[in-house]
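Below you'll find only one chain, the form predicted alone, shown as structure tokens.
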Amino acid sequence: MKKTTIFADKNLTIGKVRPTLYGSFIEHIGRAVYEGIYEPDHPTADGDGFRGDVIGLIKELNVPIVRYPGGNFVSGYDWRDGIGPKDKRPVRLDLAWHSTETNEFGTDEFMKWCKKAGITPMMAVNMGTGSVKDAAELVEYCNHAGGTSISDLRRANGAEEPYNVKYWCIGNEMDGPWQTGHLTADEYGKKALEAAKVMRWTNGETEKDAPNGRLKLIVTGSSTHAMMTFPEWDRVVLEHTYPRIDYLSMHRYYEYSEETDNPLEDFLGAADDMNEYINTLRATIEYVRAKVRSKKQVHISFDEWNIWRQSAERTEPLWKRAPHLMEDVYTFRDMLVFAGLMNTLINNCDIVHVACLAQLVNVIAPIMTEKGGGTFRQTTFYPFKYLSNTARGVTVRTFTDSDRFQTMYGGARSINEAVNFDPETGSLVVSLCNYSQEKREVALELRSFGELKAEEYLEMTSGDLDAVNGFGAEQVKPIERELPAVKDGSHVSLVLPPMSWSYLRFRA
């Protein structure tokens, strides 16, 4: 049995883990909104039509921030369609997902839902068919106290106090030809700069406020590193907008495919590929920062990431309201890769300050619902839940002698790890993925943390990589293991099952 040693020192930190690293995403797509978070006729629905059972699961996940309303949807969306009396709101064709949008749920409903779910809203403005003026007026609707026609419209719609939305995405995937109103990097960069400028002005901020402004503005970066425009797109956009924005957006989805030379190995290599993608954007940001002579540090908002079978064919008819779209049921194999992706985000917390799992309910999501019925937790629900709730404080740099295996991305680690330490609580969390098809002995060297006590040891493993959860049958979930012995206060030896995710929590 091969042995891997992982050394972690609390004095060698990567960075602070911000709660926003564990964000998610709700778009007007499929059943994410309708029959997902909003279903007025559901037995658990409250007076606003929000499903109480879904809010309960979201709180279990401990999601702190949610991006809305898109996604591709936002590039053809007029936010005014989703406000005012519901019986007077227009019914529109949604060209992004070839659905019918009734606009029963809009900005005000989203803000009410966020308050009930304990979530910080992250709004996106339309940079496709929308104008700079539209973006500024949405900020005014959300954030201006009153006394203007637009802010008083919000008050007339039932929200006397402003929403004070802090996080704003300036468009979505504008590098993609599939996007309504697709722009070149130069065109988008110029438009985003003007949008950022007037959005800050509308929020009462000046040019001097931009480095530390109340608004946190996110410009659209590459939708994937497979784009031929990557990373040139990111460079050009940043050179236009750097002084006025706070984050560069990045998106990436992975899927298991039998079409590659080594399907399993290539899928398991996703975490190391994500790491390289982040580091390329890290370098691009630093290059532009030097070029524009800025002392300001722009960070990354990884506001779309997940496992997604993009090759799956649509089975629902066009123009249906709330069609069943992209309702992937995640396998145990998917969960393994998902856990590794979470480790990668945690290990890059110094540059990735915001991340949004896409999506939250029904559409490539950890939570699935049945119309008028129950819910179930997907296999991916569990790594997110445990890490979101406990992998806080700071990420500790690790040193490992793990062997590697070859994938279409290059070399990938057989043992993929992340270590977090919270100095305030003394909590030490270790997340381990064994991507080998054999048992692995792992030695944790944690001497700098002092005397440690093991408090929790969970493991997810299965003899069937295709095992899934379903309504009334959540069979793929963590099992409790006997707490490991801690030798000399800081040395822990483990045997990881083949193809497994392990979660350990200690107290210093």
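Keep in mind that this is a model prediction, so the values were computed, not measured. The first residue of the sequence shown is number 1, and the count goes up from there.
The same protein also has a form predicted in complex with a small molecule, omitted here; what follows describes it.
The single contact residue among 341, 396, 358, 217, judged by any heavy atom lying within 4.5 Å of the small molecule in the predicted bound form, is 358. Of the residues 189, 366, 128, 71, just one reaches the small molecule in the predicted bound form with a heavy atom at 4.5 Å or closer; this is 71. The stretch from 302-310, 105-113, 225-233, 370-378 that comes within 4.5 Å of the small molecule in the predicted bound form, counting heavy atoms only, is 302-310. At a distance threshold of 4.5 angstroms between non-hydrogen atoms, residue 240 is out of contact with the small molecule in the predicted bound form. For residue 163, no non-hydrogen atom is located within 4.5 Å of the small molecule in the predicted bound form, even though that partner is not displayed. A residue is said to contact a partner when one of its heavy atoms sits within 4.5 Å of a partner heavy atom; residue 251 meets this definition for the small molecule in the predicted bound form. Residue contact with the small molecule in the predicted bound form: residue 326 places a heavy atom within 4.5 Å of it.
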